[in-house]
Structure formats: structure tokens, C-alpha cells
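Form predicted on its own, single chain, as C-alpha cells, below.
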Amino acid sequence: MGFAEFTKTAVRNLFSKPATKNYPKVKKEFFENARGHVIFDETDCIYCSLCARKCPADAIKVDRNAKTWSIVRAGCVQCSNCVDACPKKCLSMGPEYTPVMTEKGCETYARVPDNTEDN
């Protein structure tokens, strides 16, 4: 690249808008139907483990006896196979990406037993 061509490129860049956004001040707008991360609603779950069987990354674990549902976010590939397989529709895909984690961990959700007694 010659000096004249470099100067022309530098001057053009001085007077044009930047190609990048000012992140984190300007947040990315997610497009419709973006697959960012799995959202779990434990109130409707029957712990059938169909979601775990359909997960190609083996990121979901379900314990029917203990009534727990676990996901390794770093292992999830956001394919939405688990969402499609869930018969109770307690899984959905959120549009935003998985938050940055400092450690690889497992999120576990457990059903809280009702404190109501039958009289």
C-alpha cells in the first residue's frame, strides 16, 4: 500500500461513522427468534428427562427422584432440541446470550415442596 493510498484511506475514516458499536454503552439489539440461552420454568416440569435425552451436548441432567433439573451453560450449544422435546413446554429460549461466567459451573433448579397440609 502506497503512502497516497494510505492517506486517502485515513482521511476517509476520519470523516465516516465507526463500523463498530460503543459496547457496553450501546447494547446489541437481538433479532426476532434469536436463540440465546435456555430458560427453565420449574413450576410446570414433570421431570420426564426428555430434554436431557434430546440434548446433543449432554448439558442437561434430570433427577426424577430428587426433582432437580441441571444445566451446564458452558456446554449448551443453544440448539433448542430440549425446548422442542419438552411435553409441558416449561423450557424456552431467551433472546439474550448466556452471561459471561468466570468458572464453568452447573445451574441446578429444585422443586420447592409445598408447605400446605391436607386436612
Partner chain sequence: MSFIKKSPWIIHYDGTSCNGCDIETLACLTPLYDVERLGVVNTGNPKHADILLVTGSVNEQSAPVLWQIYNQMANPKVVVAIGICALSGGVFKECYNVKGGVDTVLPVDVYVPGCAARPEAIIDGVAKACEILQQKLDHEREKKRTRKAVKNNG
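Think of the rigid core as the biggest set of C-alphas that the two forms share within 1.5 Å after superposition. Positions refer to the first chain, counted from 1. Computed from a prediction, not measured in an experiment: that's the story for all the values here.
The next section is about a form of this same protein that is not shown, the form predicted in complex with the partner chain.
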Taking Ala57, Arg73 and Val100 as the candidate spot, are all three within 4.5 angstroms of the partner chain in the model of the complex by heavy atoms? yes
Contact label in the model of the complex: Lys88 to the partner chain, heavy atom within 4.5 Å: no
Check Arg64 for me: does it contact the partner chain in the model of the complex (non-hydrogen atoms, 4.5 angstroms)? no
The partner chain contact in the model of the complex: Val77, any heavy atom under 4.5 Å: yes
Taking any heavy atom pair closer than or equal to 4.5 Å as contact, tell me whether Ile46 reaches the partner chain in the model of the complex. no
My question is whether Lys104 is one of the residues whose C-alpha shifts by 2 Å or more between this form and the one not shown, given a fit on the rigid core. no
